[in-house]
Structures are given as C-alpha cells and as structure tokens.
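The chain below stands alone, shown as structure tokens; this is the form predicted on its own.
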Amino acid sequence: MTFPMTDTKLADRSAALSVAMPVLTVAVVLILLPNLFGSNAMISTLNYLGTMAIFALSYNVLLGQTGLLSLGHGTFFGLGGFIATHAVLRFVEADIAFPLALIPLIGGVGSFALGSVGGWLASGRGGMPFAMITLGLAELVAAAATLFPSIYGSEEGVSMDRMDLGSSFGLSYGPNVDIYWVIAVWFAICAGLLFFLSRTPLGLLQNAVRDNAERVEFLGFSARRVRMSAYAIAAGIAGVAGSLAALNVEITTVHALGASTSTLVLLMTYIGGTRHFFGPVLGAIVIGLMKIWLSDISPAWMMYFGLMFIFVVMVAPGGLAGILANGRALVRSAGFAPQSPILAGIAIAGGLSVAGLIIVIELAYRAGLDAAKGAEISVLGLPLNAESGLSWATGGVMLIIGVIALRPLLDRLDGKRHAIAQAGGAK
C-alpha cells in the first residue's frame, strides 16, 4: 500500500531543492568559466573578480546581515594579504613544505584574531558610532604602516614568489589558471560558510540586531556580542580574500589598507544588493568589470561609479539583485503582458537618458581635464567635438527628452499595476 506524500515531506524536499540548485549552479559556473574564457588576460580578470566577490560577501555580514556600516573593512583585506605574504616568505626561508593553497587559511585566521580585538573596541554601539570607530581603527593601521617598514614594506610593499613553496594538490601555481582553481575553491568554501551562518541562530540574531537591537537586549541577548561576532567573522573572510589577492599578484602594498579599498567594497556590496545573499557577488562582478575595462575606455570611470551608487540609493535600494528579482517576479506574473509596452517605453527612454548623460560627461572631461588630447572624441560610436555646440546639444537633448519621457511612463506603470492589483482583489 502506498501513501500520498505529506505536506511536510513536500516542504522538506522543496527546501532541499532551493538550497541544492544554487549550489549546483555555482559549481557548474565555476568549472565552466576557465574553459569559456581561456586567455591569460581573462583568467587574470576572473581571479580578480573572485577575490572581490569573497571580499564583498564578507562585508555583507556587517552591512546586510547585521546592519553595521564599517568604514574600514579594507583594513582586514590588506592585513590578510600581508599575513599571507609574510607566511610564504617565512615558510620558504625555513624550508617548510606548506601547501600554497592553504595559505589563505593563515591570512583568514590572522585577520579573524585582529578582527576580534577590533570588534571588542567598535561594537559597543551600532550606527554612526560604530562607523566612526571603524574609520579610526583603519586610519590607525594605515598610519602604523609608515612606522613599520619591515612589516608593510613602505611604499614598495612586500612581494613574494608563489612558486617558491613548490607544487601541491597537482598544481604548480605558475599559470594563472592554477590560482583560479584555488580562488574558486575558497570562494565555494567562504560562500558556503556564510550561507550556512545566515541560517543559524547566530545569523538570525544578527538580523534581529539589524532590525531592533533594543528588542534583542530585552530578550536577554547581548547585542554587543552579536556585533563582535559579525565583525570578527567578516574580518576573517576579508583576510581570506586579501590572501588570495596577494597570491594572485604576488605583492601586497599599503594601498590595500587604504580608504579606497573600503570604499570599493562598500560600493560593490550596496550596488549589488545587501538583502540578497549573492547580491554582493553581482556587485563585485559589475563594479570589478567597470574598474578593469571602463578605466581603459574613459577617464570619467569613477564618476560612473558614483552615479550608479546614487541611482541605487535613490531609485533601487534593493540593488541590482533586487532589480533582477523584481524583474523575474514580473515576468512570471500575469501582469507582465499588459505592462510590456510601457516597460519597453521605459527601457527606450532610460537608454536615451543614459546615452545623453554619457555624452555630456565625456564631453565635459575632454573639454576640461583631457583638453590636451584635443577636442575630437568618439562617444558611443558618434564622432563629437568638445568645442562644438552641436555635440553638446546632441547629448543635452537626448538627456532631456529621455528624462521628460520617463515620468509619464512611470506614472502609467504605477497606474497599470494598481489596476491589476484591484482586479486580482476583486476576483
């Protein structure tokens, strides 16, 4: 005799599939990437994106999971790199056969220990006091870098040869693809640990501290200890990312400790989406590619970073992952077909606005900071002249028309959604 599957078993199977499918997808993608992009330059890009993805995931333990704004998270990225570099040098000096692939574990443990001390100092309160203390700690470490050149290598940094430790796990660590596999495995390990953490009682307590720290204290838990644990864990994972970055480029400099590194991970995490687990990974990929490729195309690449951040803060606080999630839900809903013409109009108007803005920005940079290169410039395939009023008018008109067209389209979209919601309620 057979019995129908109970609701509990169906729920358990659905939950298992919801966890297994992302894991399998990530594993397949990591295996396929070096085969799809086999050039040395692309492998180097993938290595950089992998380290930044781990770094952004670590920062989201603070920002998205616990609601803590750290202004000095780059410190642990840099410290992890220095710890890993010195570990390689000491092992080589002592002729100790230590597997290179396990060096990030040393950097992670060292950063975790330092993060535990920093967390004890910074986690007394959340909000702005926490942000200011983390900024002070970061500046303290950055200032110490100039006082201890034997550790930080002054402005030249500390370099090493990753092949000096020899082969292990079937890898010689000479080709960049060997380092890719090390980064891929560590990415899987770190992502798995953080995903598991988000579903443990500690992870749920971190969410509770983010939402209402006073209620957590009222229930008998210590909000400070929760913040300390989040800070230490985030520091440890950041140390792993810094160690991998050091192995990838074989040098660590004081620049990795600076404010620019902390700002970069903040942009990656927030633009990607703090309320979605893989949102920071998406942000690391987008911002990382912009930093690598856009910097070769335009001198105004940092301005595009800022504009994207402003857009996410003002229009899409859920980040790029939130936009994708909303789009997926819209496509699956019954209201997609009636709204598709309006959405197409919004896409066209938005594209026109972005194109006009890019033209204006590039003309402004060519007329100002890059005037020595001449007035002639090509933007989006259009031959323009920074000294021509027609070129400025082209970009300005595109921007104005796009912005003017967007407002009524957005209003129509809201009205259509309201009508669909009312119709659904009536049924």
Partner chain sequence: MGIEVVTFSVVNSILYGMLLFLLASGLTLIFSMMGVLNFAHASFFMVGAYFGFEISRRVGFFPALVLAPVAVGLLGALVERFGLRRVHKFGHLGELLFTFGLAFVIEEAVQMIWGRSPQDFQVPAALNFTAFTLFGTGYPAFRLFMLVVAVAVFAALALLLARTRIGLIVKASLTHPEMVSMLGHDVPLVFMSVFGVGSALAGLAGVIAGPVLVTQPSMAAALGPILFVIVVVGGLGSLAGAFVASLLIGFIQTFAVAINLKVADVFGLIGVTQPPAAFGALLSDIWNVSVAQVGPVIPYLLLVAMLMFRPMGLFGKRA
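Residue numbers count along the first chain shown, from 1. The shown structure was predicted, so the numbers you read here are calculated from the model rather than taken from an experiment.
A second form of this protein, the form predicted in complex with its partner chain, is not displayed here; the remarks below concern that form.
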- Does at least one non-hydrogen atom of L380 fall within 4.5 angstroms of its partner chain in the model of the complex? no
- Message: in the model of the complex, does G350 come within 4.5 Å of its partner chain, counting heavy atoms only?
- Response: no
- Query: If you check in the model of the complex, is Y365 within 4.5 Å of its partner chain, heavy atoms only?
  - Reply: yes
- Query: With a 4.5 Å heavy atom cut-off, would you call T263 a contact of its partner chain in the model of the complex?
  - Reply: yes
- Message: Within 4.5 Å, heavy atoms only, which of Y173, W186, Y270, F278 is in contact with its partner chain in the model of the complex?
- Response: Y270
- Query: From the list V331, I297, L147, A344, which entry has a heavy atom within 4.5 Å of its partner chain in the model of the complex?
  - Reply: L147
- Item | Non-hydrogen atom within 4.5 angstroms of its partner chain in the model of the complex for each of I151, F309 and L369 | yes
- Item | Partner-proximal stretch of 234-242, 114-122, 76-84, 92-100 relative to its partner chain in the model of the complex, 4.5 angstroms, heavy atom | 114-122
- Of 301-323, which residues get within 4.5 Å of its partner chain in the model of the complex if you count heavy atoms? M302, M303, F305, G306, L307, F309, I310, V313, M314, P317
